[in-house]
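The chain below stands alone, shown as structure tokens; this is the form predicted on its own.
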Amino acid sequence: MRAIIIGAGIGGLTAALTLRRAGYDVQVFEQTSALREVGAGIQISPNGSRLLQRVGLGPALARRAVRPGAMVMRRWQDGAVLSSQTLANLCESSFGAPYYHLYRPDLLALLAEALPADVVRLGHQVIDVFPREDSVEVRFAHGVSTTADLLIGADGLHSSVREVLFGAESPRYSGTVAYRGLVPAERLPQLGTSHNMNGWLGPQRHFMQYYVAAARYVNFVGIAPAAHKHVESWSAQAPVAECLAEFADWHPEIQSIIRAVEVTGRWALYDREPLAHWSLGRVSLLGDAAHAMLPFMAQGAVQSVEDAFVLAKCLEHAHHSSIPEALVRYETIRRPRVSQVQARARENAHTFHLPDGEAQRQRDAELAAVAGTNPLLASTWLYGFDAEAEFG
């Protein structure tokens, strides 16, 4: 049977790999004219890396990624350590898979290289979708149309497939923006070679830094309030001076990282309320198209990978007539988990940005208490999850 995927991002390409593994003839249509993933760093936790290993990406991931030694949370002004969570080795021993930091274009390239060259079609912008009882038709802006047995919309926050199926809907603006940057590691020798991820928590803001691209670059993300609704775009830029001003009173190490960057991205942060339904007949959604979430759990891409594996398992033994039923099963399995991750991300948006005071001191005490045991145990529900396990 033939499957069409709209969107050649991380979720869409992973779904192409998993559906091909399940025996489907897959075609991916992407509206851009070149296959590229803009952006900077991405975190792939064990619940994602174990799945990517199953489609043969394990050795390539190990070569291109960084295994962070620990996740260290610090106080914004003086750098005092609030908690330290060991990741390298302990993730493997606890959950059977590594925690990786990657350069987003590297991950996209690995996924694309794992597919035959004719699977991805570029320059195809969806203008309409026609679900029928026995097929689904897609029409593109340049007049071409195609049909298949099923269609998956993996086309992101502003999904054309979702809008055609369920109508126009505005995402929820979080009131925050992310300043992003990549700095060649040789410009920041003071950071050392531990490859730890550092997170700095402060009033209304937080700042994350970690190595990517086999430790050739330091990736940073600084979250700050912004009343104006900036466009949600990976490619939007802001002056470096603007980012420096947002973190002007913060620790000197943060200032040195920002000053070392040449270009600063500015990414407005949006999410959506959980959808009541993702599927209509032979059409369903995947990743941000179905459940856009704030990045404060570092799970957006990983949850789209989980989606792809569950989708393929639900469709693996489907017959032509039972595809709609299989898509409902996929949605039913995935919705509770992604809703939980969405909710936790929103909670972190508040917890990370507490003003100095009693609530902040209580948060810091709780972080220290967890760090005194085994911090990873509290993440078992997330990192220890195997999206394929229930299928045997």
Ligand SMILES: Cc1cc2nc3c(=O)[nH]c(=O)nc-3n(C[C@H](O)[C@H](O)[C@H](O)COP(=O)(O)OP(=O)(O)OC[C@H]3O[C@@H](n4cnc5c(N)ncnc54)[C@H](O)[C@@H]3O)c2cc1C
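Here the structure is a predicted model, which means the values were calculated and not measured. Heads up: residue numbers just count along the shown sequence, starting at 1.
Unshown form predicted together with the named molecule; subsequent notes refer to it.
Taking 196, 160, 135, 146 one by one, only a single residue has any non-hydrogen atom within 4.5 Å of the named molecule in the predicted complex, and it is 160. Of the candidates 282, 74, 124, 313, 124 is the one whose heavy atoms come within 4.5 Å of the named molecule in the predicted complex; the others do not. Not displayed here, the named molecule is kept clear of residue 308 by more than 4.5 Å at the level of heavy atoms in the predicted complex. For the chain shown alone, residue 43 is a contact residue for the named molecule in the predicted complex, at least one non-hydrogen atom being within 4.5 angstroms. With a 4.5 Å cutoff on heavy atoms, residue 269 counts as touching the named molecule in the predicted complex. Proximity of residue 152 to the named molecule in the predicted complex falls outside the 4.5 Å heavy atom cutoff. In plain terms, the part of the chain that comes close to the named molecule in the predicted complex, with a heavy atom within 4.5 Å, is 173-181 out of 274-282, 76-84, 173-181, 243-251.
Annotation for 78-94: no interface residues with the named molecule in the predicted complex [heavy atom within 4.5 Å].
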